[in-house]
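Taking the form predicted on its own, here's one chain by itself in structure tokens.
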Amino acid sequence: MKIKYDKFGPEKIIQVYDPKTGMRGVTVIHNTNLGPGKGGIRMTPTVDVEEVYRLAETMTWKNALADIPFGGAKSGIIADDKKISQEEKDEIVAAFSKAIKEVTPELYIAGPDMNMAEHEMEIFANANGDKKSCTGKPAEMGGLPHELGSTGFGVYHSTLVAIEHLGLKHEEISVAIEGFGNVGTFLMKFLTEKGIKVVGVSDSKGTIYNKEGLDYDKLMKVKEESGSVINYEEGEKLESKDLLALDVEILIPAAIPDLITNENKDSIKAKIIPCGSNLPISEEIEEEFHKKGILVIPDFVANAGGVISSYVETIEGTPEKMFEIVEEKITANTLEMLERSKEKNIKPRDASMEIAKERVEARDKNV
């Protein structure tokens, strides 16, 4: 996908390089009609301008649909954090922060994304010289770290709305979660506390499956002590890719982009796919699933809990206030999307895009 320039953006594409640290990075500010562009920084060896653009555009719609006063933006730092020390990583993050200082926080507010967490946000804020330049900071800096589980909490509530929409009963549902990081772990916690059975979980090492359900506390302990869910003893060990074909009602992508492809789409048996990760499925495959009666809740609807938490951080709200607002907005927005989708007989993504664009354009007309 190449960069598409239209009436919404992108407004700025900033590429930076620091010869001293070797830092290479990009920030895309897609749209600022509703407020400063908001979106996290990811650090991977493969991130590029097009990927960051796609994510920045998604943030425009996510923030508009979340009904918060942010535009859309995103950043990427091209580096493999597994091959550098923490000290080198800190230097790279600091160099990136200084390089984009001219647009923060008036036009861009950063946050954590892949391989970035509250420590890196502390480094970013200190290097930038402005605490308002990013969210997801440590609590002692006035932050509401994503480690509180806001994204997983939001995906959980979006999933509950979908379950009710299809008239399913909690005790008859089984769930598979791709990825057991910050989103997947909290997601499993909230689902199992609700009495919903999680039967399969995957990470980069493989999948663990038990049709009777997995125990959250035990799985967390295994992951923390051994580094992978596959070392959970009470289950069948499968390859990571096998998670997609499990016989479950709900499949939740919660880690990598482009997870569901033309090669594996026909193996999926789930009735509901709430997208906990960003860009796990193409719009073309979403269309196919919609025709098959598979309900896909788009990423910018389901996983907006993190950015709603970021908004609460900017207004100096408490963790309790954050969870309250995430539940309220995710529930209302998912419901509005599903009702419009049903009313117009269009796929949920099209319904949610209509709502998001209406909000962005309404603000543009009022400026």
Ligand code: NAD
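Between two forms, the rigid core is the largest collection of C-alphas that superpose within 1.5 Å. The first residue of the sequence shown is number 1, and the count goes up from there. Treat the numbers as computed from the prediction; the structure is a model and nothing was measured.
One more form of this protein exists, namely the form predicted in complex with this ligand; it is left out here, but the text below deals with it.
Proximity to this ligand in the predicted bound form, taken as heavy atoms within 4.5 Å, picks out 250-258 from the listed stretches 190-198, 114-122, 82-90, 250-258.
At a distance threshold of 4.5 angstroms between non-hydrogen atoms, residue 204 is in contact with this ligand in the predicted bound form. With a 4.5 Å cutoff on heavy atoms, residue 174 does not count as touching this ligand in the predicted bound form; it lies far away. This ligand in the predicted bound form comes within 4.5 Å of no heavy atom belonging to residue 158. The closest heavy atom approach of residue 277 to this ligand in the predicted bound form falls within 4.5 Å. Interface residue among 165, 271, 223, 290 relative to this ligand in the predicted bound form, by the heavy atom within 4.5 Å criterion: 223.
Exactly one listed residue, out of 76, 136, 71, 179, brings a non-hydrogen atom to within 4.5 Å of this ligand in the predicted bound form: 179. Taking a 4.5 Å heavy atom cutoff to this ligand in the predicted bound form, the one contacting residue in 294-330 is 303.
Shown in the overlay between this form and the one not shown, fitted on the rigid core, is a CA shift at residue 42 of 2 Å or greater.
Once both forms are fitted on their core, a CA shift of 2 Å or more is seen for residue 59 between this form and the one not shown.
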